[in-house]
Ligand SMILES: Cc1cc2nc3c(=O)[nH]c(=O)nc-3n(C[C@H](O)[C@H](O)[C@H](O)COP(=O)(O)OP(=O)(O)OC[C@H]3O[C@@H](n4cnc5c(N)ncnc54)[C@H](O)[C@@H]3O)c2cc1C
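Okay, so here's just one chain, in structure tokens, the form predicted alone.
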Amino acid sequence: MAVQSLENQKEESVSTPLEKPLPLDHLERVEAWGMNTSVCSYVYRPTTVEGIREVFQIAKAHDRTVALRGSGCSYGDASLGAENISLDLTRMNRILDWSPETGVIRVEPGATIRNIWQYVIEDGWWLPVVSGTMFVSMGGALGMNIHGKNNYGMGPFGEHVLAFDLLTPAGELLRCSREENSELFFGAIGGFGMLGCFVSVTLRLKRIYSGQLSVYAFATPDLSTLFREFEARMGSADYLVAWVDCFATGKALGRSLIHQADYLAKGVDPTPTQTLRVKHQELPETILGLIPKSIMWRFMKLFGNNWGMRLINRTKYVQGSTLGNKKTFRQSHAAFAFLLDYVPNWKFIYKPGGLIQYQSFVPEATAEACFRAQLETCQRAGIVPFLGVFKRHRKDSFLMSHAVEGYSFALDLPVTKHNRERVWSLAKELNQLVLEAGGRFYFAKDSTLDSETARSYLGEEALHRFYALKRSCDPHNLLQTELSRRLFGTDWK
């Protein structure tokens, strides 16, 4: 593979003696977002491109590998490197350039979705694709090619990237776009941090004319109706997402609550200056103005078991199908988009074992049968997902894509010291259902895939092309994580 170098520099000599151990004051415990695994790593937090180069040199001198890490929002081990170096980019969070006229912004890799929307919204712009949490970094968003509740219309995050600068472990700083180093552009986006470190990202944002969305909420009694409603609405809706009651059985299997959200056209909002203010978007810190949300997880933990979650899911569906059914209301962009941030530390209800989120992407023709089988398999195993989220997707052109022309189903599975082996065994059963249905998986959510499964859905052609990029950008295989070793080993042949 030939790449055009933006900055062709020889590596500087390493001053650190080979025999000198890594400093213990850099040693920290680093945890997966799902809290199901953690490792000890030597954590470095540079603030400049030269600082990143220095970390690469330290790793080479000490025969260590480097795991790139942004905000640490991957559920599994995608940003973990046990007993090696963790390159934490959260301090590189500056806005480098912004044009309110064109909506083009250039940022450092540690800038989060929150940093960006707060910076641009009062100029009338929003990120075209966001995840369920606003704390994802730009480096992580590109490395995993995140998607949102509008993937069927807007595609993944990478579709809105105009260019990025990538620092490879080989020491080259490469400008990548659809025109320049295009093969690397489509390989590094979604390349789970294996080809280099993003050091700047240029995005095109979406013009909005109000800080509010028009949201329509309604219930569906079963899985088949859920699919029909999405098919009927995705041609006109700006966003579609469904919560699924995974405890429901029989004719009610897959019953759900759907939320459709649409942008407000110019002139519809009588006070756009007010609704576009950051203050209007900020999520409330209390419930009913009295109860601090910061303590809510402690109350929720009382329900962090099968019986409690069965009750919560049933109550949620009954309320949604009666009081909240077929209702339209206005909601801020942040309130609709960032449900995972609405109750701080909600995931603590899964402690001490944590959770995995099992998310599969299945083509339209086979998705309903596959997701029905997934729910039935989980129920038979006695490990029922506490939460199920359903979305529509479309294909994209990125090399290691998880996307299909079809649907995704994300299942939150609790992990305890007693059920851990059974959860991983259950995931293998679900994997087989997905592969038989022609489906795919998502590295940002994965905790359980094995090498055979990953190679099966990615295909030899994509892997061959990705391995060629890896050998060119990272010939000494400096960039590794627990996920990359689990799925692809260390040879990259």
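Residue numbers run from 1 along the displayed sequence. All values derive from a computational prediction rather than experimental measurement.
Note that the form predicted in complex with the named molecule isn't included here; everything after this is about it.
Partner proximity in the predicted complex, defined as non-hydrogen atoms within 4.5 angstroms of the named molecule, places exactly one of 36 to 44, 444 to 452, 464 to 472, 423 to 431 at the interface: 444 to 452. None of the heavy atoms of residue 169 is located within 4.5 Å of the named molecule in the predicted complex. The named molecule is not shown here, but in the predicted complex it comes within 4.5 Å of a heavy atom of residue 147.
Residue contact with the named molecule in the predicted complex: residue 137 places a heavy atom within 4.5 Å of it. Mapping the unseen interface onto this chain, residue 72 counts among the residues with a heavy atom inside 4.5 Å of the named molecule in the predicted complex. Contact annotation for the candidate site: 192, 198 and 346 all lie close to the named molecule in the predicted complex (heavy atom within 4.5 Å). The listed set 115, 133, 401, 374 contains one residue whose heavy atoms approach the named molecule in the predicted complex to within 4.5 Å, identified as 133. Only one of the listed residues (79, 256, 212, 360) places a non-hydrogen atom within 4.5 angstroms of the named molecule in the predicted complex, and that residue is 79. Residue 109 is the only one in 91 to 117 with at least one heavy atom within 4.5 Å of the named molecule in the predicted complex.
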